[in-house]
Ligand code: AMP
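Only one chain is included here, represented as structure tokens and corresponding to the form predicted alone.
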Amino acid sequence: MSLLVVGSVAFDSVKTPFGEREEILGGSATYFSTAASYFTDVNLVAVVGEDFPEHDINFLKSRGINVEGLERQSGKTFRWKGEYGFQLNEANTLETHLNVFETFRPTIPQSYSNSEVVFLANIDPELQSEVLRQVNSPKIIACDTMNFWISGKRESLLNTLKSVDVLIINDGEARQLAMEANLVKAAGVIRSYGPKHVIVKRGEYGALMFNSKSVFAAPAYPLENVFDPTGAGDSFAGGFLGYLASTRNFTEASMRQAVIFGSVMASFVVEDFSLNRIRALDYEEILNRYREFKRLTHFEDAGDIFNR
């Protein structure tokens, strides 16, 4: 099942308590498509500048990612610079240079228009809606957003959400969007905007998935070494939707499995800077970590302990 992602391809400069890197490959669409490529074919739509090196495009191609929708425009590629403290939960943005991304207007190639799964990464909600007008009846649509759009383009975002099946955001964004402090209540409010499923990313505390039938909680994988959390959320989304696209199954059970595969891919990406850890994963590594997640949350029924 084909998977379309529209988002950013960028260069990041990142500083954490465990190291610092300059001008490394990043961007929401880059992390998403790399993670998803382990499960299914990915169609990428993004924009880069004249300075974007051919070897990075070759890397995307090597992962089987279709780059027909990767535009190269006159100017420089989007750049972001940020710093994390020891908690690693949220970056302090130091610099943002949108460059060619500032005037990006996604054009979906004809060969992408029948993509059955669509992910709208963190871009202007007006552009997200424009993308949806260019695709033909996808089976599932998911999107991401951020506090900037929630506060600055709320009405446009709410209009986009009417057409979305799955919203994937962090806990702070969920509270801001719903204007509700309690996450359970916030998820209910957000589902009233349109999404059938709301997935709340909680960093080191895992993820929660809410729908009309149930709440599913997944832990974060306990890691000894966390170097750079940049791209973890997009890698989660890539694993989540990549798995669903590979199975062509959108049942409750499959959605829960997809949350775990999303958590698996996020757990790998934070173990190194940029895409270094997920550039060449072994499939057995992915499956082994999935099995570890299952063991983490498994426990036996205690029986009727009160009648003993």
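It should be emphasised that the depicted structure is a prediction, and the values quoted were computed from it without experimental measurement. One rule holds for the numbers: they count along the sequence shown, beginning at 1.
Another form, the form predicted in complex with adenosine monophosphate (AMP), is not on view; read the next lines as being about it.
- In the predicted bound form, none of the heavy atoms of F227 sits within 4.5 Å of a heavy atom of adenosine monophosphate (AMP).
- Using a 4.5 angstroms limit between non-hydrogen atoms, N99 is distant from adenosine monophosphate (AMP) in the predicted bound form.
- In the predicted bound form, adenosine monophosphate (AMP) lies within 4.5 Å of some heavy atom of N122.
- Although the partner is absent here, M146 is a contact residue: one of its heavy atoms lies within 4.5 angstroms of adenosine monophosphate (AMP) in the predicted bound form.
- Though adenosine monophosphate (AMP) is absent from this view, in the predicted bound form it lies within 4.5 Å of a heavy atom of just one residue from Y112, F210, F104, W80, which is W80.
- Site annotation in the predicted bound form: the residue of A232, V166, I190, A220 reaching within 4.5 Å of adenosine monophosphate (AMP) with a heavy atom is A232.
- Proximity to adenosine monophosphate (AMP) in the predicted bound form, taken as heavy atoms within 4.5 Å, picks out 148 to 156 from the listed stretches 191 to 199, 178 to 186, 148 to 156, 127 to 135.
- Taken together, D12, S28 and Y31 are fully in contact with adenosine monophosphate (AMP) in the predicted bound form: each brings a heavy atom within 4.5 Å.
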